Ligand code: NAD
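Take a look at this one chain, the form predicted on its own, written out in structure tokens.
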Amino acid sequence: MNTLQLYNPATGQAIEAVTTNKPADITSYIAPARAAQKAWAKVPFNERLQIIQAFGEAIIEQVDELALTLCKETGKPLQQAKNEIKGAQNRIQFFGEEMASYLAPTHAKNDPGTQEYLWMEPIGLIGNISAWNYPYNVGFNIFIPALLAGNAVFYKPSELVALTGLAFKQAFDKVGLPKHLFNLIQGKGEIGAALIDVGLDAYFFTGSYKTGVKIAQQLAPQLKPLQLELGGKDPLYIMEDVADVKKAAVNAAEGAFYNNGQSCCAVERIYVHAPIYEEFVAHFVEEVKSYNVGDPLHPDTFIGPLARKEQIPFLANQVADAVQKGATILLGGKAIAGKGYYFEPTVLVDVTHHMEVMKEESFGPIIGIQKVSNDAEALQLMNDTNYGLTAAIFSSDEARAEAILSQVDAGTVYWNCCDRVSPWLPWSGRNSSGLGSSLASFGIQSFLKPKAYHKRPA
């Protein structure tokens, strides 16, 4: 029996081991899953929805226990873990309210000779290779609409959140989801590669750009649908006309450091108009200094450990590169000695786009703040990236902000807010941030395939 040992990033100590899959397991699941999917697709939508809603209720009933598990697996502060579990429920609400209308046949054209209809059918078997940083949010984005649409799912969580993945399976079993519709696949990267090799009907991946490219290359000969939700280097521009500079700094700091900066839509670089630059930076540093760093189980902790030990030298190298090229460290800048995978909340100024910290995704508690002279310079810098996930502007002037945001090449833009996702709006990345869209109507259609009916009386 193969096992996967999990470690608590707050202590570096082993916490639990889970049984992993072999490629042969995945192959053996396919025939039962196909049979189950065909039967599931015939179940009335409202009955499918009742099971999914019961799943959500089962998760909430265990919120304290599941939050503790997530905290131990990833180092996410306990309150933030609870926030994620509760917040993910709005996916069930949205898809439950909106999906039925997409499943109903649509009369496309009324012609005396030929009636034209559009039918939407489930795709079949869905491969979902998911992420560790927000396993409830990114998991629910995919397997909830996939199941509601009448598909079966092969769900592979990140190996870092294998216990959370197991909790999903147990909750589905508890509420009576028919067997073989939610197939849990446990293991590291090699089992994910095996999942792609078996030739499911569509694949959805959330993770890094590097891994996303590998999956796309591996899947290309199969000509199967693929959706990629990848990383970002998300910019925030603070205009000089903000009503309250301190409030802007507080909001920007939370956008950068929530979940220890381990979010694809976290603020990763900040541009501040010169007239308020010094004031903004002072308030920003003051806010970050107030963050409690430590045991994620402590209720006052805002920043816990990094989920991955390997991220510590990566962040240290970004800091060293920036300092060598002229940046100034105002706060932090190094790993925290002792147990666990901790890195100091780090604020850098005097940064430029010659530095890796302003160009490559950090995915940690580190931010560079750059002074800009005008809106045109800010726009040029915001677009100076291979990524295109989110971008934000804080300003009192909506029209001025929108004039810039309309020119930013990103899938999501924010005015006076940042680092948020709504299931009522599509979540999509451009360029190196991904392919396709989840959530909103796009996230419904992603799990359906159209069939055109031409009906002519004999």
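Small disclaimer: the values here were computed from a predicted structure and weren't measured. So that there is no doubt, residue numbering starts at 1 and follows the sequence shown.
Absent from the display: the form predicted together with the ligand. The rest refers to it.
Among 168, 143, 205, 284, the residue placing a heavy atom within 4.5 Å of the ligand in the predicted bound form is 205. Screening 329, 108, 193, 100 for any heavy atom within 4.5 Å of the ligand in the predicted bound form leaves a single hit, 193.
The chain is drawn here without the ligand; in the predicted bound form, the stretch among 123-131, 286-294, 373-381, 333-341 whose residues come within 4.5 Å of it by any heavy atom is 123-131.
Contact check at 4.5 Å (heavy atoms) against the ligand in the predicted bound form: none of 235, 248 and 391 pass. When contacts are judged by a 4.5 Å heavy atom cut-off, residue 156 counts as touching the ligand in the predicted bound form. The ligand is not shown here, but in the predicted bound form it comes within 4.5 Å of a heavy atom of residue 215. Residue contact with the ligand in the predicted bound form: residue 211 places a heavy atom within 4.5 Å of it. In the predicted bound form, the ligand lies within 4.5 Å of some heavy atom of residue 230.
For the partner-free chain shown, 361, 363 of 346-369 come within 4.5 angstroms of the ligand in the predicted bound form, judged by any non-hydrogen atom.
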